[in-house]
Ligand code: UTP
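Form predicted on its own, single chain, as structure tokens, below.
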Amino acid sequence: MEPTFMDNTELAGLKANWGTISESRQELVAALVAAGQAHLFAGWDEPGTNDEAKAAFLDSLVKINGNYPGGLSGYIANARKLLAESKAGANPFEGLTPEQPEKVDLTSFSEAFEQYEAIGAGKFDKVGVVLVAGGLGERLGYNGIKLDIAVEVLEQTSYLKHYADNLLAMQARSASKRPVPFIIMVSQDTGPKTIESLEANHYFGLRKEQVHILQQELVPAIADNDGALALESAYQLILKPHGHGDIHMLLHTSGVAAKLAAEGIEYFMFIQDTNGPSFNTLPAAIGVSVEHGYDFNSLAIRRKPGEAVGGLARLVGEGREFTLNVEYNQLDPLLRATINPEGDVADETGFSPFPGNCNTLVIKVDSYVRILEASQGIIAEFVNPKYSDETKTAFKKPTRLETMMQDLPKLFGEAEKVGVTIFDRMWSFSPNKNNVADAAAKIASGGPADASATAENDFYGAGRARLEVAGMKVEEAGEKMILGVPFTLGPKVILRPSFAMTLAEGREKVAGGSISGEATLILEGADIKLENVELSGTTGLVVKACEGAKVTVKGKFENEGFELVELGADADVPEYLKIRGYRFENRGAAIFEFDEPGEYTVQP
């Protein structure tokens, strides 16, 4: 028997095709029509015309219905509720007053910093790393996945290799030598290319079984306040990303979180695809979580008022308390409405009292698995439609429901403890997300560039900081504007994670010496030691040692080293160079590579 909605003349084509549709698909179509989605099936062609497109459309509906908790009917109902709240201008923080969160300040390399690092390093074989990598590099002007972009161009190390190197270094330092689990959330766009990159590079030395690929699915776009699903064309929905909050659902539904918990993993560290400094913070951040009993530890930076970075705040009121990220465009009105009529302004430190969210998270696994089981990994959604006018009756373009992984504490109860650990910006937060033109515009307006050049700049800066803590005299060279983006000319220092992952390790391996100007130092290997090494001018020194090779480096080196060559905006060069505006050419750096175990001395 045909359902009554078949009397709708716009559905005459659907009626004609009804007998060719399976019973389960008929039930889904009926549910969608009942949910106000008859337009999806209006104007269908008669049987025999576009049958493959109809079947593919129904297949896509079935897939989306199965992927979303509560199915498509649930998605539509959630959309209507959130869109009604958005149109009414509902305050998501109604009844809540912001307070400063519980925080640990590690913006300086203090004794406490190194104590936390020591604690965290002792947990290396109890940590899993979760990488959210659903984005392509189109915004950067890079035709590929962001993970394949070079974090530095002296040796063209990709972000994915850099992360893998850190996992290998963690494994080498743990007593058990246990492989560190590496969970990568990909999208339909990035999944195949991520796997291709891993396979082409033999997983960068990782074991295949320690890498878990979880694919995020897309959700339907919404055309209006009534929750109508948007069509790209007949028989094709517009689909959009649901946000990185899906990682929690995927870790639950895949069983990966529970499996790793059962295998003894105690902490997950969540990182973004192109925030290279993440592993600088890992030892100390784990140590803070252990020492303070944090179930959820948000890594943060000192935030400038008005900066386009969310602020972390404890929100208290009506018997509730959450420590959450408040988006920067919501923070100012919240502060004005509650504790400060001046809004988002600096305190006596010159920074906002609410630290800036890095979106790097440390989560205690046993608490996490318990919460995932209770919630099915479903994180609170939000919607951010762009209205065509002040009446808020139409959208400029279709919107969608979104989730953010940092909203997990919304599911926490009184038993879970949330804290914030603040690091120096260069050490912890240097995302690579803007193309050169956009980066230059941001610099001109007084903001951070967050581009390939600045990410590489901070990569070398972290190396300089490690040398300075170790006791080497470091004199920084001047800054140069390259296509409108600032770049520090040197020293360019790369201390691979195999050489040092904590400040204490650097101090054990570096004795005296100095580095200045545009000099370059690259060290890779666990048993390299520097004794009063001096590098100045443009001198370059590269030392690499395999496992079992013990290398002592001494003396003053002088050579032409690596020269920075500026590239024009229209230069015909590979994309990884074009997106930063320069390259380095080796003019005679001293390079020493030791591929056999043994004891070696390197001198000029």
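Here the structure is a predicted model, which means the values were calculated and not measured. One rule holds for the numbers: they count along the sequence shown, beginning at 1.
The form predicted in complex with the ligand exists for this protein as well; it is not shown, and the discussion that follows is about that form.
Enquirer: Select from the listed residues S289, Q216, T421, N280 the one whose heavy atoms reach within 4.5 Å of the ligand in the predicted complex.
Expert: Here the answer is residue option Q216.
Enquirer: Only one of P220, G137, G276, G356 gets a heavy atom within 4.5 Å of the ligand in the predicted complex. Which one?
Expert: Comparing distances to the ligand in the predicted complex, the residue within 4.5 Å is G137.
Enquirer: At the 4.5 Å heavy atom threshold, is L250 in contact with the ligand in the predicted complex?
Expert: The answer is no: L250 has no heavy atom within 4.5 Å of the ligand.
Enquirer: In the predicted complex, does K304 have a heavy atom within 4.5 Å of the ligand?
Expert: No, no contact at 4.5 Å.
Enquirer: Quick one: is G243 in contact with the ligand in the predicted complex, heavy atoms, 4.5 Å cut-off?
Expert: Because a heavy atom of G243 falls inside 4.5 Å of the ligand in the predicted complex, the answer is yes.
Enquirer: Indicate whether K492 is a 4.5 Å heavy atom neighbour of the ligand in the predicted complex.
Expert: Judged by the heavy-atom cut-off of 4.5 Å, K492 is well away from the ligand in the predicted complex.
Enquirer: Taking the partner as it appears in the predicted complex, which of 265-273, 366-374, 492-500, 100-108 has residues with heavy atoms within 4.5 Å of the ligand?
Expert: Of the options given, it is 265-273.
Enquirer: Using the arrangement in the predicted complex, list in sequence order the residues of 177-199 with any heavy atom within 4.5 angstroms of the ligand.
Expert: The stretch 177-199, when checked against the ligand in the predicted complex, contributes only M185 at the 4.5 Å heavy-atom cut-off.
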